[in-house]
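Shown here is one chain on its own, the form predicted on its own, set out as structure tokens.
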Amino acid sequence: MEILFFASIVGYFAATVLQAAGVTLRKDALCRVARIIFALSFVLHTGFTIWRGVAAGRIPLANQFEFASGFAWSAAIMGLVLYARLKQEWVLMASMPVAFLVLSYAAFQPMEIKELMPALRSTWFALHIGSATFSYAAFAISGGLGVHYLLQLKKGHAEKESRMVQTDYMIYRLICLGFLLLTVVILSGAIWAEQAWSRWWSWDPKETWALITWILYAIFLHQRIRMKWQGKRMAWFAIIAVICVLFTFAGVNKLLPGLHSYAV
């Protein structure tokens, strides 16, 4: 099982490097090889996830290692699906590093399989935590696209060019998806908390930072829809907002222990 896991990390890393080289040097052959390696790494990662789930007898999302692995897996599949639809190399350039970096973070977490604590034995488990992995992946990829957008601006591309407009719109669509899924996370978590602890909301650090993240992206959507903000400042917004996502994902568990500390 560990061979599949570490092979996935190596594959994601190789794909990221080759993709960056292919895009920079404008070598389509390197990009094709990167896509193949990335897809194969995703298959290995999927095999690892299934194997761990069978070994644990449950959905493998119960601790920080498993959640990080699920986060990386979600980023990989979202990148592959978006590329299949758009056929744009910059989509993979944003998603490949996310999959590699998050899975690398997982490698530093305790990997042993543990029994689910009673509070986690709920029908809400898959919906709540599964939605969180895809929500975080959408936000992280949108941040990566924000970086891509700013780099293209630095190279002299105009904001009204079709590729720039498409990137800007994809950032917006990914944040819409992430926001919707984060709403599901918060609502399902509130219902689950009421069943487990007899209260809908306890201002636990994880809950509080999830709410802060939700409000931050709500501001993004408000500025985009109502104030018609686009382009450079929204790219910066997407990048900065990812910092909040990453703190909610990892920082809270390490620095602000609470009811969700079992996820460490």
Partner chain sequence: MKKIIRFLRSMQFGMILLVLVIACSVAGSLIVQQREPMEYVNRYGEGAARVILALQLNDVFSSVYFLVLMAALCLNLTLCSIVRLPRTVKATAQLLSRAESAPVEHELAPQQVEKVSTYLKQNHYRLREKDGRKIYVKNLIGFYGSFFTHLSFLLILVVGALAVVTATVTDQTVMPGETLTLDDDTTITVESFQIEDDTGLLDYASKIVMRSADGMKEAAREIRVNEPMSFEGYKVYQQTYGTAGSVEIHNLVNGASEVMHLTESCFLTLDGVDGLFFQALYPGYVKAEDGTVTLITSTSGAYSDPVYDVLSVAEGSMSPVLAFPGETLTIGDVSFTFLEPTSYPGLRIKHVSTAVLGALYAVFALMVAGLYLCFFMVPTAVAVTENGYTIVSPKPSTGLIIGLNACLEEEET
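These numbers were taken from a predicted model, which means no experiment stands behind them. Positions refer to the first chain, counted from 1.
Here the subject shifts to the form predicted together with its partner chain, a form of this protein not shown in this document.
Although the partner is absent from this view, Arg233 stays clear of its partner chain in the model of the complex, with no non-hydrogen atom inside 4.5 angstroms. Residue contact with its partner chain in the model of the complex: Leu177 places a heavy atom within 4.5 Å of it. Using a 4.5 Å cutoff between non-hydrogen atoms, Glu115 counts as a contact of its partner chain in the model of the complex. Interface residue remark: Trp192 is counted as part of the site for its partner chain in the model of the complex, having a heavy atom within 4.5 Å. Between its partner chain and the residues Ile50, Ala39, Ile212, Val33, the one pair within 4.5 Å by heavy atoms in the model of the complex involves Ile212.
Of the candidate stretches 24-32, 63-71, 40-48, 225-233, only 225-233 has residues with heavy atoms within 4.5 Å of its partner chain in the model of the complex. Contact residues in stretch 157-186 (any heavy atom within 4.5 Å of its partner chain, taken in the model of the complex) are Val165, Gln166, Tyr169, Tyr172, Arg173, Cys176, Leu177, Phe179, Leu180, Thr183, Val184.
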